[in-house]
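A lone chain, given as structure tokens: the form predicted alone.
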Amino acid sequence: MSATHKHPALTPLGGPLVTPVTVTLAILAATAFVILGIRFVFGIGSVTNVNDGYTWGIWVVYDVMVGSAFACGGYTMALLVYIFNKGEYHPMVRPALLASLFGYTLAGASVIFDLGRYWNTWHIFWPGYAQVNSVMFEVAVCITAYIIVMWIEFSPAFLEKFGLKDIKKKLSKVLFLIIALGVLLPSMHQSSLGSLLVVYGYQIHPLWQTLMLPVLYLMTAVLMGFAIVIFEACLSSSGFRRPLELHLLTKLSRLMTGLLAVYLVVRLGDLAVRGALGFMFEPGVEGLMFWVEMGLFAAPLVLLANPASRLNPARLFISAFCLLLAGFLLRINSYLVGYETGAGWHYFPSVPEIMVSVGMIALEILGYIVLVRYLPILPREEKI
């Protein structure tokens, strides 16, 4: 990494833990655990609307396909800082890594919620049961390995908190290998989440079924990583009453919109090459959802078209939010809206299913608040 960038000291925020926000988050998380208790005692059918035609409900599609993409902030910051040597973004690495750590850990754990025979989860990691030609096997192993890698990457925050400087110093000598894995593994499994759909064949609507899905999923994962860093920076600045690192967010938004323009060209070009452009004009839910998805992808390009607009925190926040929603819809559309398994099968998530996903999000936010208050994660504010 370039030595020309001085990394600011990181410090715990401190402050009260019990607030109306944290209490509300705790209640939502507790509600999710109660519903999961019912699920594990009485079976998955007692709280969900999944069926033989739609075996993957919102728990898998949101918590894994969407949730892991929302958690790509640490991945994109690692790419910028450690691979492309953009050291000025270093203050954003640890906050992004913390959010990614929670997102991926909960995404990995939530897979068990949706498994009918959850007690056989260990089969994934036992060589005798390994299906090495399976895309799902690759996704499961890569995500599990990446969760372990992120905990190791984040461990210096704990070591600093408890004064274990010698251990941190030894870890820093091999941390470059861990960081390299932290870039490789998401690149593999984020693209493979798109590969999972390719094998569905004709069951996926032509607006989303393409051999380019691995590329589209990887590109949008990186885009959502940029967006979530901007989104979280704006929220933490407002929620914790801290100055906004606008100069870094402005640079990040330029990278984000540049990649976004490339993505839209690839997306529309793929539709044109496959002769699928006409499907977007067909009446129906699929066509409508496609236009909403593409409109949200295009919105940041419009909002941030003027270089001066990138200095506006509100526009940065809205642009990041639109891009996160766009990535969310791409995955919901391709896995649920555009999926047709056969006549007579329908699926819409039940209230308990939605509450579990909301509870997992609440738990992630609650954990983030707790750790930034007690561990050195955010940059120390400069006294003027």
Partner chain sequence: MKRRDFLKGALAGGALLASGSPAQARPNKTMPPEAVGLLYDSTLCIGCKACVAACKEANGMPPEFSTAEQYWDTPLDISGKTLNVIKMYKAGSGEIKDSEKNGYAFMKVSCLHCVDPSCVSACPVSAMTKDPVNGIVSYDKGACIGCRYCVAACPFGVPRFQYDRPFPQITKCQLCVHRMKEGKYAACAEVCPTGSTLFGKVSDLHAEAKRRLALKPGEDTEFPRGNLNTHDQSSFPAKAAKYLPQIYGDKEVGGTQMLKLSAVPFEKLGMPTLPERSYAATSETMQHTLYGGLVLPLVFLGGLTYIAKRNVKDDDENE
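Numbering follows the first chain given and starts at 1. This structure is a prediction, so every number in the text was calculated from the model and none was measured.
Unshown form predicted together with the partner chain; subsequent notes refer to it.
- If you check the partner chain in the predicted bound form, you find a heavy atom from every one of T55, F176 and G201 within 4.5 Å.
- Within this chain, G128 lines the site of the partner chain in the predicted bound form, having a heavy atom no more than 4.5 Å away.
- Residue contact check for E138: one or more of its heavy atoms lie within 4.5 Å of the partner chain in the predicted bound form.
- When contacts are judged by a 4.5 Å heavy atom cut-off, F162 does not count as touching the partner chain in the predicted bound form.
- The closest heavy atom approach of F328 to the partner chain in the predicted bound form falls outside 4.5 Å.
- Checking 300 to 308, 225 to 233, 249 to 257, 187 to 195 against the partner chain in the predicted bound form, the stretch whose residues place heavy atoms within 4.5 Å of it is 187 to 195.
- Checked against the partner chain in the predicted bound form, the candidates L181, A261, V285, A109 yield a single residue with a heavy atom inside 4.5 Å, and that residue is L181.
- This chain is drawn without the partner chain; in the predicted bound form, the residue among L28, V61, C322, I44 with a heavy atom within 4.5 Å of it is I44.
- Taking a 4.5 Å heavy atom cutoff to the partner chain in the predicted bound form, the contacting residues in 112 to 144 are D114, L115, G116, R117, Y118, W119, N120, T121, H123, I124, G128, Y129, A130, Q131, N133, S134, V135, M136, F137, E138.
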